[in-house]
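A single chain comes next, written as structure tokens; it is the form predicted on its own.
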Amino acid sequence: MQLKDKIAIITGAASGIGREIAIEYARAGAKVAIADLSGDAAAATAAEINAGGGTAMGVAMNVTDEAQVDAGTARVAAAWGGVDILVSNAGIQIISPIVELKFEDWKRLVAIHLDGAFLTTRAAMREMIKGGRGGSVIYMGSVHSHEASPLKAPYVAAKHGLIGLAKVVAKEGAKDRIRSNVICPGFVRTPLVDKQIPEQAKALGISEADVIRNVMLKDTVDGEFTTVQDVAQTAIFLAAFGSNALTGQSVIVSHGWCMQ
């Protein structure tokens, strides 16, 4: 019960990595707000956690909508008495060469990853400061926070940006015992990644098997995907860490794809 009675907001938590983190946080004793663009999906995931003995609520939240973010965060704080942990996880992926990339797609992806991270961070930090008991802000970065791949210009740019934001939050939050770190997974078999496989195969003119073997996993030490459980356990470790000794850092979880 490393997170006993901690209050966590996790964005994009109705599926994929966010959902796994929510489940594991609940098992570790946290009260978990499932914040997701789909209110119905958020409610369903919360109901599943509650049925398993955890404590969760669903919150409909478009992370690019300032009013929704502020209202959703305030709702969680009012219901449970504050906010201790934010996991900024909501994200999308768009596969395209730069020369063919639509400006509207660039703006949409950057808005979800960076505007969403800013708005949820601001709202959570305000509650953390008000509560006076510190807190932990965790961003879902990527190996692409450190490396680049073709066809992913807005994603790589946004994921690099999260590291910069995390460092500023670490500096500004220290006086209020608010820590900030970035988890940087390698490829995880989520719906987001499964969608990329045929898209990259088409864009690169290779088979889907070659995308997995020669694009996604070629630089790992063992040819294995990172798992949602790998990421969730890292998220528990970062949220439960007891001091400012670990703040402003990125933790790479990638089977050795990227070594820093």
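Just count from 1 along the sequence shown to find any residue number. Fair warning: this is a prediction, and the values are worked out from it, not measured in the lab.
The protein also exists as the form predicted together with a small molecule; that form is not presented, and the subsequent description refers to it.
By the criterion of a heavy atom within 4.5 Å, Pro191 is counted among the residues contacting the small molecule in the predicted complex.
In the predicted complex, no heavy atom of Ile212 sits within 4.5 Å of the small molecule. Contact annotation: Met140 falls within 4.5 Å of the small molecule in the predicted complex, judged by heavy atom distances. With a 4.5 Å cutoff on heavy atoms, Gln249 does not count as touching the small molecule in the predicted complex; it lies far away. Looking at the small molecule in the predicted complex, residues Gly131, Gly173 and Ala240 place no heavy atom within 4.5 Å of it.
Out of the listed residues Thr227, Thr55, Asn62, Gln233, Asn62 is the one that sits within 4.5 Å of the small molecule in the predicted complex by at least one heavy atom. Among the residues Ile92, Val156, Leu101, Ile163, the one placing a heavy atom within 4.5 Å of the small molecule in the predicted complex is Ile92. Between 123 to 131, 71 to 79, 84 to 92, 174 to 182, the stretch whose residues reach within 4.5 angstroms of the small molecule in the predicted complex through a non-hydrogen atom is 84 to 92.
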